[in-house]
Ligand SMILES: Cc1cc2nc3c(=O)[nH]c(=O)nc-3n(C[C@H](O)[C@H](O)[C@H](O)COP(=O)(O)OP(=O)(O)OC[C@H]3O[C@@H](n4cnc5c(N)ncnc54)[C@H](O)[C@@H]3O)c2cc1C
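As structure tokens, one chain now follows by itself in the form predicted alone.
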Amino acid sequence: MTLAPEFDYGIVGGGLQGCLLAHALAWHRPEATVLLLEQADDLCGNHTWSFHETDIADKAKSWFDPLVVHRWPGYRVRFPTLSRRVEIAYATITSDRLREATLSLADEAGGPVRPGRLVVRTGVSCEILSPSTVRVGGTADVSCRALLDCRGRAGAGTPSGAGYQTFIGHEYQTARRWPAAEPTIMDVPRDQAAGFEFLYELPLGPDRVLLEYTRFHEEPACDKSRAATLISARLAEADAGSAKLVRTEHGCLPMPYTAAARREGPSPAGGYAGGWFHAATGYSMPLAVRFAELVAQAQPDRVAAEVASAAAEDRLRRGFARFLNRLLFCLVKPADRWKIFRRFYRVLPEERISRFYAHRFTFTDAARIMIGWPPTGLAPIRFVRSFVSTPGPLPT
């Protein structure tokens, strides 16, 4: 399948970051020709991306809002001795919706490239040769005025110091109405011997729900047995009748506490490989949208400079997020980590919670998060050692 030799923008990687960028360019640069390349056979994978509505800047909502498939006026968190409803609107985008919307922007296969349209090619190998050239399928070299590397963290490497957020989620169709109308983003059991873990509950309809087990741990493996136990217990508690499993998703998000790994290459990188993610939460949506807006509003020949400048301006927030991970994984023992998150939701007002998740927190927000750190379960010697070497397992 022949490609035009030149495009205004080239996007290598058709996951969340690459597809959001395609939509931002379609909105801000309607006259531009855009090439979106994905090595897998389809765009977007198999994911559910949730976020606070306040994570998204108003200027991006014109192109972003049509991608949202579910919205709720708030959500709950539950810890031992604490239950709270957070009145910050919450929302979700699914792979299916993002894929459908992105393909709807695209030119017909084999047709001429017209201004203001997107060309999508999946199932092709991609090699970035220079800041303006990408080799497609091993033979065709395509020139782009601006070339963006949005291939995620694969090949970017993992920091020498990092914990991991692993998750496995099951989406169910239930025989009776699901009892909760709003999400519970953390339902923390009392037994925390395996490290900080919780159940995430996302009601997607009257009789449809996503139940996801999440664990913050030193190891990247997900505990499937523990996930099955907690998910089964919640299904029984909900008393929603028989439940048919319709979809499963899983993943592992590094939570670095040393300098974030960056993909070395000639083109600006988005997503994880470029550091455009919230290191302390695993959230990718706020910074992925910010990166897409930044690129789409810059002139093509200014994209690399604008991306570098924005990353430099955000370096203190990125550093603080990594510092929080260092505290979590190197200072507090696994069985006590949940207390940090309980305190976060007990003492912070909603405006501070909102700014933290949006990666727009201030110096005073950071100070409030730190002041009064839980005094129990600390391993200060290991915390100090973590600055000079990659630590081993926490003592129990």
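Predicted, not measured: the structure shown is a model, and the values here were computed from it. Position 1 is the first residue in the sequence shown; the rest follow in order.
Keep in mind that the form predicted in complex with the ligand is missing from the display, and what follows is about it.
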Of 240, 185, 227, 126, which one comes within 4.5 Å of the ligand in the model of the complex, counting heavy atoms only?
-> 126
Which residue, 218, 141, 207, 249, has a heavy atom that falls within 4.5 Å of the ligand in the model of the complex?
-> 249
Is there a heavy atom of residue 265 lying 4.5 Å or less from a heavy atom of the ligand in the model of the complex?
-> no
Would you check, heavy atoms only and a 4.5 Å threshold, whether residue 355 touches the ligand in the model of the complex?
-> no
Is residue 292 close enough to the ligand in the model of the complex to count, meaning some heavy atom within 4.5 Å?
-> no
Heavy atom to heavy atom, is residue 47 within 4.5 Å of the ligand in the model of the complex?
-> yes
If contact means any heavy atom within 4.5 Å, which of 191-199, 319-327, 267-275, 299-307 contacts the ligand in the model of the complex?
-> 267-275
So, 83, 342 and 361: all three within 4.5 Å of the ligand in the model of the complex by heavy atoms, or not?
-> no
